[in-house]
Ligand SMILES: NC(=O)c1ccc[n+]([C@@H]2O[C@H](COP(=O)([O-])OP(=O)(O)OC[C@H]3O[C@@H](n4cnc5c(N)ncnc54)[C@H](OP(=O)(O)O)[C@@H]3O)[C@@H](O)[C@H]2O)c1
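First, one chain by itself: the form predicted alone, in structure tokens.
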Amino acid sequence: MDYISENYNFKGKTVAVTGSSRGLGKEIALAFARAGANLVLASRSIDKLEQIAEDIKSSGSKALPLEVDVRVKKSVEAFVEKACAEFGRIDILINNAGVIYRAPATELSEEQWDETIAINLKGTFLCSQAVGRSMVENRAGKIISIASDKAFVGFPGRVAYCASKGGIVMLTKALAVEWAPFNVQVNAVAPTYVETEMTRDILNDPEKYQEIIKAIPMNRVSKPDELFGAIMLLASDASSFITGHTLMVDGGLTAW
């Protein structure tokens, strides 16, 4: 095998994607399925997951839909146990589950703050912890968390989201250092706005779209396919010496 086919080969690999019932998580799961991986689909929306699993199976890959609440440790541990029972191990974990509340800091409720931190940051830790145990034991694994450009750039009306995504960047560094001796690489990807069903309402508003792209040197938002390259790199054997890194996929937004 040549370098590309050897290092970017996901056949036989098991990839778990949280928040994969819609939006970016769904697109990431389908991309790995096209690359030949087995998928563990995790979300609170089990009905949607089952349909996505059927689509993946029809393409020739295996898929296991599992209901999980990333805020709850027992739920996360049960999802990991079932995934390992089905496939033997999880080779790659994509921490994608997330939520965003748009409100001024003076009006954001305590409940909205708590839920954002619980899903985005605590959920990323709980999933990394549960999957990381087996990866440390197997002395192999890749964990990739979806951060955001807003982990690095403050944004009005997104205080909880910015804080949670900034926490993911530091969580990534801490886990990477701790698990480096066990050949477990922990990284993150930080996109700006990506065209998905979850961002459609905002991006279809011409005024809001123009306001968004003003901050992006490339003068547009990202398509899902443009994020896959970064994720696939960090998930592949080609990144065996990259850990603790957050890869920006933001069209130059943080380069100003």
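As the structure is a computational prediction, the values presented were derived from the model and not from experiment. Throughout, we count residues from 1 along the sequence that is shown.
The protein also exists as the form predicted together with the ligand; that form is not presented, and the subsequent description refers to it.
The contact with the ligand in the model of the complex, taken as any heavy atom within 4.5 Å, belongs to 161 out of 125, 152, 87, 161.
Among residues of the shown chain, residue 57 is not one whose heavy atoms approach the ligand to within 4.5 Å in the model of the complex. Proximity of residue 142 to the ligand in the model of the complex: non-hydrogen atoms within 4.5 Å are absent; the residue sits far from the partner. Taking the partner from the other structure, the ligand in the model of the complex has no heavy atom within 4.5 Å of any heavy atom of residue 212. The ligand is not shown here, but in the model of the complex it comes within 4.5 Å of a heavy atom of residue 96. Here the chain stands by itself, but in the model of the complex one stretch of 96-104, 174-182, 130-138, 77-85, 96-104, has heavy atoms within 4.5 Å of the ligand. Of all the residues from 144-163, those having a non-hydrogen atom no more than 4.5 Å from the ligand in the model of the complex are 146, 147, 148, 161.
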